[in-house]
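Only one chain comes next, encoded as structure tokens, the form predicted alone.
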């Protein structure tokens, strides 16, 4: 039987401050075509299960159903979306890893983001473990012309896996797996979380707060620096997301300003100085094409009515044509 992983155990293996776990991930590097079982020594083990055993990840909803050596395509799309405005963004509070939902404006931003990517293929979604990122991904996908339903994969316990199992193969085919990972969370702002940004600047000085917010190496009190955030976010991307792109799976990541800045630093090969000045708007998607083991930045899709978006690659143009034919 698979070991039930407690919140305590997850937090202990997920500590971004532990050097030994700087590349820890919730999933192995191999494609997700076999069930995953936890061992009590906190390592991961791939096992085939019999019909009488409960799979940890539903194999038909798991991200990669192909073999490790078979690629769906020689290129893949990668979409990055920073979550829409949250209730604490609206109040100008340091949010960090506090789990707060979107505002009405944030909901509208997520829906608009979905319209912008509505004809770009999505096979797999990664989000942080925070509700504002998950809301953004779900709301965006309501606008996608493929009409597939995003389903969050639950692997926190054997009961969660069993109770969330989908028994219709046809329904599975019309679904998109959603993987929630703490490694994609926002920077942990430590003792600044919940404080008003303007009042904090008045208390500690504008220069000090600017260093906490914009320095690459300096963390806020009892919090993470951007460098620490980048270590966990980029490691997770390399171990879990890039292998999916290499197999030709199209990926959407809905996450946060600092975790996405970290990933963009990796994709665009930015320096630590360049990434500190990088600004990401809420709810504005960025498109990359992964081909020949390289990432090519294509900017922000402007919407399904703009033909230029689909001229980025022949494959995207063909996907749009296929959608048009299936919906007409």
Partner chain sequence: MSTAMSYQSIYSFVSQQSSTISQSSRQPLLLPTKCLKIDSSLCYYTSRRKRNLSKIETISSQISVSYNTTLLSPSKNIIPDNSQKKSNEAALILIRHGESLWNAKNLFTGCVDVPLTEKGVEEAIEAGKISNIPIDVIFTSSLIRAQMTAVLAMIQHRRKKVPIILHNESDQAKSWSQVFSEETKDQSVPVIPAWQLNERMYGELQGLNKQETAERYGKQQVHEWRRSYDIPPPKGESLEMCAERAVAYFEENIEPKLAAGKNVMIAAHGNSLRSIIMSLDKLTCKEVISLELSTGIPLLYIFKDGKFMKRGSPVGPTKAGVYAYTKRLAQYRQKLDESSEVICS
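These figures come from a predicted structure and were not determined experimentally. Residue numbers count along the first chain shown, from 1.
Quick note: we don't show the form predicted in complex with the partner chain, though the next part is all about it.
- Using a 4.5 angstroms heavy atom cutoff to the partner chain in the predicted bound form, all of 97, 102 and 135 count as contacting.
- Shown without its partner, this chain lists 139, 76, 122, 235 as candidates; in the predicted bound form, only 139 has a non-hydrogen atom within 4.5 angstroms of the partner chain.
- This chain is displayed alone, yet in the predicted bound form one of 201, 218, 246, 87 has a heavy atom within 4.5 Å of the partner chain; that residue is 87.
- Using a 4.5 angstroms limit between non-hydrogen atoms, residue 179 is distant from the partner chain in the predicted bound form.
- Heavy atoms of residue 150 reach within 4.5 Å of the partner chain in the predicted bound form, making it an interface residue.
- The partner chain in the predicted bound form comes within 4.5 Å of no heavy atom belonging to residue 210.
- When contacts are judged by a 4.5 Å heavy atom cut-off, residue 230 does not count as touching the partner chain in the predicted bound form.
- Of the candidate stretches 252-260, 185-193, 237-245, 210-218, only 185-193 contains residues with a heavy atom within 4.5 Å of the partner chain in the predicted bound form.
- Scanning 148-167 for heavy atoms within 4.5 Å of the partner chain in the predicted bound form gives 149, 150, 151, 152, 154, 159, 163, 164, 165, 166, 167 in sequence order.
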